[in-house]
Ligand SMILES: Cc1cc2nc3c(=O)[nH]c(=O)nc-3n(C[C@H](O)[C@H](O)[C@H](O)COP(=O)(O)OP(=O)(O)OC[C@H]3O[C@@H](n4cnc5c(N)ncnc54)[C@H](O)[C@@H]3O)c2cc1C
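Below you will find one chain, with nothing else, as structure tokens; this is the form predicted on its own, and questions on how it binds or moves follow later.
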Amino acid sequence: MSAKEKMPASADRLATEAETVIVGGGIMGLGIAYELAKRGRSDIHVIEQEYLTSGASGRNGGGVRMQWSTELNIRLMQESIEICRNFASELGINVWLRQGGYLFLIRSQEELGRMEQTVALQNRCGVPTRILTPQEALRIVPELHPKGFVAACYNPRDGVVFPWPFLWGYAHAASELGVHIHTYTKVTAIEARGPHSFVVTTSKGAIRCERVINCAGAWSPAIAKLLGIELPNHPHRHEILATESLKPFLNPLVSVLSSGLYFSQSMRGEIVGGITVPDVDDGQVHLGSRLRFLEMMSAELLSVMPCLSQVRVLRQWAGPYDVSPDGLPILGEPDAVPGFYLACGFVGHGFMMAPVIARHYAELLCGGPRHPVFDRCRLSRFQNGTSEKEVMIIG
């Protein structure tokens, strides 16, 4: 294992002053830190309450896809996947991007009608998704149960990456450019002393800064509340499992939108997949995995691929979705607090969008062009009625 495939060391001490404090050491926070540092901003402190990969960034299935129902997400993911393709050459670490495609199974004629409209939009954006008959889908994945679906849609350019090297790559590259990463450091208070003037109090001391970026994912509402800001996103437990290794046979990631099921095969041969089980909505982050999930996942998986009935499950775990009301992220500054920036509410796709959001955020904060995503995904959209629902959410 190379040095870049290990956790980078935590910074020794917290400075008393900085330009930027990023709350959340997941791939979003580290990606933004790296992109800022690459543009010459090195007075940056990333504050992570536990260890790197402790949150959603280290607990997901690694999927990256262009198949979405809104043009905004389609365009963003076209760019993000291109960044993924060049990640190893730019940051010197292999994230094992495998573009075997996403195969979405369609179980009803009503759903097929909706997906035909979505695929037409993707095609207009240059994404080569196509609707398949069950027979055509079986030529891609012969092991599927042929009577479980009426059609499928498939984009061969979608894929899967290995999540941990992706995060470590950003962490090491940011650290080498002068970013200070503080693990096991909890933010306990944030005080706004004026526009672009904050004091962030942590378990290791206080730090003055010009801006704060909230990249805390499922914990972001609690961070925003420290400044009196109410966010509409909330955490939701999403559970995943991995099986024993099998001989490689599955190229695409397979998903059923109507149930939220998804699964793929790792490079080690494991079947890795998940499904969202109904859960309590108490505003708290729950990371424990349950027998109920295993039962539901097994039943749904075998309805799609019966040949897996004798495969043994080796481990299961849970991660937190960060769910916004419309399935789109919440970005930019709330009107009332200049200098406090949001990067949250991505549901289950913050990991795959982090590379492109980080790039455009850094350009914005360094005086570059303002990408339309920051206007489209403002917090105020929920008050002024301009939100647009994203429906291609897995889980």
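Residue numbers here begin at 1 and follow the sequence given. Treat the numbers as computed from the prediction; the structure is a model and nothing was measured.
Omitted here: the form predicted in complex with this ligand. The next part is about that form.
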| query | finding |
| --- | --- |
| Residue (of 76, 106, 271, 223) lying close to this ligand in the model of the complex, criterion heavy atoms within 4.5 Å | 223 |
| This ligand: the contacting residue among 181, 216, 152, 95 in the model of the complex [heavy atom, 4.5 Å] | 216 |
| One stretch from 323-331, 366-374, 35-43, 52-60 that, in the model of the complex, holds residues within 4.5 Å of this ligand by heavy atom | 52-60 |
| This ligand contact in the model of the complex: residue 340, any heavy atom under 4.5 Å | no |
| Proximity of residue 238 to this ligand in the model of the complex, heavy atoms at 4.5 Å | yes |
| Contact of residue 186 with this ligand in the model of the complex (heavy atom, 4.5 Å) | yes |
| Interface membership of residue 361, this ligand in the model of the complex, 4.5 Å heavy atom rule | no |
| Sequence-ordered residues of 15-43 touching this ligand in the model of the complex, heavy atom within 4.5 Å | 23, 24, 25, 26, 27, 28, 29 |
